[in-house]
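First comes one chain, alone, set out as structure tokens in the form predicted alone.
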Amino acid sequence: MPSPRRNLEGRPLGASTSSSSSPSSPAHGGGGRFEFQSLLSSRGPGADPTCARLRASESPVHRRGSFPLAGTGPSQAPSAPPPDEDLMDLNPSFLGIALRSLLAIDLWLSKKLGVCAGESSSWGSVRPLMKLLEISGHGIPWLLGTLYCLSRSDSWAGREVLMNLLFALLLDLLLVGLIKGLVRRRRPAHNQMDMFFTLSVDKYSFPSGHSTRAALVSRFILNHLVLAIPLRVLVVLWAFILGLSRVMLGRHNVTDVAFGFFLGYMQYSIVDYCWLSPHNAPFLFVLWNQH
């Protein structure tokens, strides 16, 4: 009998046809082709890989710069600009630069003028004289002296002047102590704490209490005492040298003394405006007469 027709693989044509018609035949991998075709059909028309890649490239999530690189961790929000305070610190104003420059000049000049700050200083031999001048401007001698003169006075005019001098000295102590407690500027580093009498606020240097007292007392004396011209010049020299001695002894900086002179000058204006007399404060004079 003639042999049946064979396909290209050498198998009978009928067997080939029958095997291709049975999709579940494991001999020719028909099950794999069926699963692949069913997977393509289940995706539908919108599941084309080319279309999926196009949509992925158009997605804002996958655009350039919108997703992190590999190995860089989760994406972070861009850093916010520095606040205005940091910008001001990085770019200080002209006023801030000027104040810092003046402070540096003040510290440098105060150290240069502190020639009596110690016994080993260039003018160390003059230090005892400067300390004696320091006592002449201290608040306690002035308060005790005013109280003694007030107790010995027997005239209404003298008592009125001395009463206002006592008021001025007390006002000076109050204002200087208040400002020192608020500012709290330390005394110069080359200062020696060997003053005549100190309080808790005397560890601060701004303003100079001796300078305020010198300006206040000198202006008070020049306005209410009749003195000859040489004595008036001596009063002014005493106030000026007392303020200078504070820097030479290393007790204060130059700005402490300068502001002290200004504050003492203004304090007298306050005392003159609130001048105590038997007309506006009669109880003080009556009380003092009883004593």
Ligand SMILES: CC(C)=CCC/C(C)=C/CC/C(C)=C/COP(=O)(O)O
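Start at 1 with the first residue shown and count on from there. Computed from a predicted model, the values in this text were never measured in an experiment.
Note that the form predicted together with the named molecule isn't included here; everything after this is about it.
When the named molecule is superposed onto this form from its pose in the predicted bound form, none of its atoms lies within 2.4 Å of a backbone or C-beta atom, and the site is open. Heavy atoms within 4.5 Å of the named molecule in the predicted bound form are found in exactly one of 154-162, 189-197, 124-132, 102-110, that being 189-197. Looking at residue 219, you'd find every heavy atom of it more than 4.5 angstroms from the named molecule in the predicted bound form. Under a 4.5 angstroms non-hydrogen atom cutoff, the named molecule in the predicted bound form lacks residue 182 among its neighbouring residues. Within this chain, residue 173 lines the site of the named molecule in the predicted bound form, having a heavy atom no more than 4.5 Å away.
Using a 4.5 Å cutoff between non-hydrogen atoms, residue 143 counts as a contact of the named molecule in the predicted bound form. For the stretch 100-139, the set of residues having any non-hydrogen atom within 4.5 angstroms of the named molecule in the predicted bound form comprises 138, 139, in sequence order.
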